[in-house]
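Take a look at this single chain in C-alpha cells; it is the form predicted alone.
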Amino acid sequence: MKLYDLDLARGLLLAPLSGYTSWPMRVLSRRFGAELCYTEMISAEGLLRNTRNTLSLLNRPEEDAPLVAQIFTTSPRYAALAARIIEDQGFDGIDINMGCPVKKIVGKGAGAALMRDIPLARSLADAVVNAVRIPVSVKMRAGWDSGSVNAVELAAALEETGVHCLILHPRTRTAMYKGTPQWDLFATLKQSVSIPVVASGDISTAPDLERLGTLGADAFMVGRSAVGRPWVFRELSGGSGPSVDERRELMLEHLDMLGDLYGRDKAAKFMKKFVSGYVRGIQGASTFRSHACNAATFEDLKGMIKALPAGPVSVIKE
C-alpha cells in the first residue's frame, strides 16, 4: 500500500498523541514495526510565533523517519504558513487535526469543532494543499454528537481540495473515547471517497486488523494501545509479546531517551505516564506502579526499573 508517497508493507501507523508521542516513543515503536509515525499535535500559531515548546515538537533524531507533522488551527492563512515551515524541515507529510475532542482545543474552534463548520474545514485543507508539495491528510471523527454525524459530508468536501488521505476515528466528539467506535460508518465513508482511508480507534490486536481490513481500511493507526507497549506493533504483525527482561530494558532505554529530550529533572515525570503500560499483566504490577509514581528523582525511578524481577511474563488479573 502507498501512503504519503511511501510504500508500506502492513500499513501500521503510530497515532499523534499529545504528551506521549515525542521522538522516544516513536523510535521505540518503529523498532517493533510502526512504519510511519506522527508528531504530537502542533499549534500553527505557536509555530509561527517560534514559541520554544512548539518548536521542540519538530525535533527528532535521524532514525525517526518517515514522519508526518500534525497541526491544528482555525486560520487557513496560519495553516498554510505553518505547512511551509514543516515542509522546509523535511517532513514527509502534514496532517490537519479535525478530530481532537479535548475542551481546550475545541473551545478555540479547532480539532473536532471544525466538524461543525465544513466550509472552514474545507478552507483549511485547501490552504495547506495549495501551500506545499508534500502530501496532506486530515484526521477526523464521526461528527460532533449523535445528532450531527457528518463524516461522509466532510470527507466529500475534503476530497475535493486534493487531500491525500483521510484518517477516521468513528466516534463523535461527545463520545470522546467511550463506547464502541461506529465501524459501520467507516465502511460507508470508505465507499464514498476514492482516496485512501485510515482506520483509527481501539486497534490493539491482529483480529482488529482483519476486521477493519474487510471494511476497506487502507492502513491502521494505533494510539492508546501503544502507550508503554511499543511491542504492540510486533504483536499486530503476528509476533510474540515481551518477557519481563525485555520490558525492563525498554523502560530503561525509554527513560534515558526522555532524559536526553527533556533533561533528567523532567524525564521521570514524563516516564510515569508510560509505566502502567510497560508493567501491565506482570506479577506485582500494582505495587510497582504505586512505587514508581512516587519516585522523587530520575535515579530513583531507574533503580526501581532495574529491580524488576527477571523471567517470563506471568499474566495476572488485577
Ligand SMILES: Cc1cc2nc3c(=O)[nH]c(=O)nc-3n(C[C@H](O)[C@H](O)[C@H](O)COP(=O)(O)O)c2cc1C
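On a predicted model such as this, the values are computed, not experimentally measured, just so you know. Residue numbers run from 1 along the displayed sequence.
Although not depicted, the form predicted in complex with the ligand is the subject of the following passage.
Novice: Check, residue by residue, if L12, R30 and L236 all come within 4.5 Å of the ligand in the model of the complex, counting heavy atoms only.
Specialist: The answer is no: none of the three residues contacts the partner (heavy atom, 4.5 Å cut-off).
Novice: R224: heavy atom within 4.5 Å of the ligand in the model of the complex?
Specialist: Looking in the model of the complex, residue contacts with the ligand include R224, since a heavy atom lies within 4.5 Å.
Novice: With the partner left out here, check for me: in the model of the complex, does some heavy atom of A110 sit within 4.5 Å of the ligand?
Specialist: So A110 does not count as contacting the ligand.
Novice: Given that the partner is absent here, does M304 sit within 4.5 Å of the ligand in the model of the complex, heavy atoms only?
Specialist: Because no heavy atom of M304 falls inside 4.5 Å of the ligand in the model of the complex, the answer is no.
Novice: In the model of the complex, is there a heavy atom of the ligand that lies within 4.5 Å of any heavy atom of Q70, even though the partner is absent here?
Specialist: Taking the distances in the model of the complex, the answer for Q70 is yes, it comes within 4.5 Å of the ligand.
Novice: Out of A219, V129, L154, I203, which one falls within 4.5 Å of the ligand in the model of the complex, going by heavy atoms?
Specialist: Checking each option against the ligand in the model of the complex, the one that comes within 4.5 Å is I203.
Novice: Please identify the residue among E40, D256, E249, D64 with any heavy atom within 4.5 Å of the ligand in the model of the complex.
Specialist: Flagged contact: E40.
Novice: Just one of 289 to 297, 40 to 48, 260 to 268, 53 to 61 has heavy atoms within 4.5 Å of the ligand in the model of the complex; which?
Specialist: Among the listed stretches, the partner-contacting one is 40 to 48.
Novice: Under the 4.5 Å heavy atom criterion, name the residues of 106 to 140 that approach the ligand in the model of the complex, in sequence order.
Specialist: Heavy-atom contacts within 4.5 Å come from K139 alone.
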